[in-house]
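First, one chain by itself: the form predicted on its own, in C-alpha cells.
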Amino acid sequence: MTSHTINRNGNSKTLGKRILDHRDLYLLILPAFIITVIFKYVPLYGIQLAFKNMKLGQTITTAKWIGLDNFQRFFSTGAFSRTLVNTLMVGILNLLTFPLPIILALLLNNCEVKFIKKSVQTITYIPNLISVAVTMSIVILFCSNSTGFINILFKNLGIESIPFMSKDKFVRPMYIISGIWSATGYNAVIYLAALSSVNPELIDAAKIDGCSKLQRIWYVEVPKIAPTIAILLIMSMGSFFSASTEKMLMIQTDLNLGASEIIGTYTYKIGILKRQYGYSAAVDLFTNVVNFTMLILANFISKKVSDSSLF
C-alpha cells in the first residue's frame, strides 16, 4: 500500500493519478520546489571541498583530497576558541531576545485603542523592510566616535564621548539592539496571526469568572500560541551558530576584533579574501553540523515536553 491510497469509495489511486487530480496545487509549489533544489540541494555537491586542498585554478574534482586536515587545522588554531566563544555569546543573546516579539504581540492583541494598535504595529514592522546594510549604517551613524549622534549629544551635555566602535564591550549590544529593532515587529506579526484564532467566547468566559487581564493572557492566549512559539524556537535553534556575518562585518574594526570576530566573519576572510576555499568550507561545514545538531536536539526536547515539533 505504499504507492497507493484508498479513496472514500474504496478504490486505490496511484501516485501519478493523485498528482494529476491535484495538478493545480503541484504547479503552484513547483517554482518554490525548483528554486529550493537549485539553491539548497545542488550546492551540497561542494561539501567535498571541506575535505580537499583546493587552489586557485583547480576544480572540485581535481583538488587534492586531504581528509580531515582542514578540520584539524581549524580546531588547533587560536581562532577556533575566540570565534567559537564570540559566536556562542551572540547566539545566547539572540536567544534571550526571543520572548520580545511574543510580549509585543500580546500587548498589541490586548490593546483596546485600534489607532494605537495599528500605529505601533506599523512602526515596529517598518524596520524589517530596511536592508541589513542600511540598518547597520544607521547604527554606525548613531554610534560613530566623532560624528555619531549619540556622542554629539553627550558632548553638548558636557559628557565624555564613548568610543562605541573601538571597544569590545559595545559590539554585542550594538548587534543585539539592531536585531531587536529590525526583527521584533516582523516576528510579532506571526504571533498576532496565531492569536487571531483565539475563540472570543473563551475570553468572555474568563472575564465572567473574574480573571484579570494578565490571567486571561497567561491561561487563555499563551496556551493558544504555544505551538507557534515551540516551532519558531526550534527553527531559531537551527541557526544558533549562524549569526549575521554582514551585520558583524559592518560593526567590526581592528580595535574590536576581540568580540566581533565570529565564525562567519572568519570564514569570509579566509574563504573570500585569502582564497582558502577548502579550509573555509570545512569551517562552514562545522557550523552547519552544529546548527543541525541543535535543531534535532531542540525538536526532540519539544516533542518530549509538548506535542509540538517540526518532525
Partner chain sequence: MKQHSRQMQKPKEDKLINSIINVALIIIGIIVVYPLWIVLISSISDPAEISSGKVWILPKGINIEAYKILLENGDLWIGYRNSLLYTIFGTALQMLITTPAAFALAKKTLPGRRWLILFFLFTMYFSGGLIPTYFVVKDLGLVNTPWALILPGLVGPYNLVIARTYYENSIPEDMYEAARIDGAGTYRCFVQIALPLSVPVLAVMILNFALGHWNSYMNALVYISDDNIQTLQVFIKRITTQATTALESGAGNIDITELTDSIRKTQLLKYAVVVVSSIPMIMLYPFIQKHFVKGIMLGSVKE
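Residue numbers count along the first chain shown, from 1. Whichever C-alpha set is largest while still superposing within 1.5 Å between the two forms counts as the rigid core. The structure presented is a predicted model; accordingly, all values stated were derived computationally and were not measured.
Form predicted in complex with the partner chain: not shown, discussed below.
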Quiz item: Counting only non-hydrogen atoms, which stretch in 74 to 82, 168 to 176, 228 to 236, 88 to 96 is within 4.5 Å of the partner chain in the predicted bound form?
Solution: 228 to 236
Quiz item: Though only this chain appears here, would G210 touch the partner chain in the predicted bound form if you measure heavy atom gaps against 4.5 Å?
Solution: yes
Practice problem: State yes or no: in the predicted bound form, is some non-hydrogen atom of T62 no more than 4.5 angstroms from a non-hydrogen atom of the partner chain? | Solution: no
Exercise. May I ask you to check whether Y268 falls inside a 4.5 Å heavy atom distance of the partner chain in the predicted bound form?
Key: yes
Quiz item: Any chance S146 has a heavy atom within 4.5 Å of the partner chain in the predicted bound form?
Solution: yes
Quiz item: Which residues within 99 to 121 place at least one heavy atom within 4.5 Å of the partner chain in the predicted bound form?
Solution: L104, L107, L108, N110, C111, E112, V113, I116, V120, Q121
Practice problem: Verify the C-alpha shift of V289 between the shown form and the other one: is it 2 Å or more after superposing the core? | Solution: no
Practice problem: Classify K274 as shifted (yes) or not shifted (no) between the shown form and the other one, where shifted means its C-alpha moves by 2 Å or more with the rigid core superposed. | Solution: no
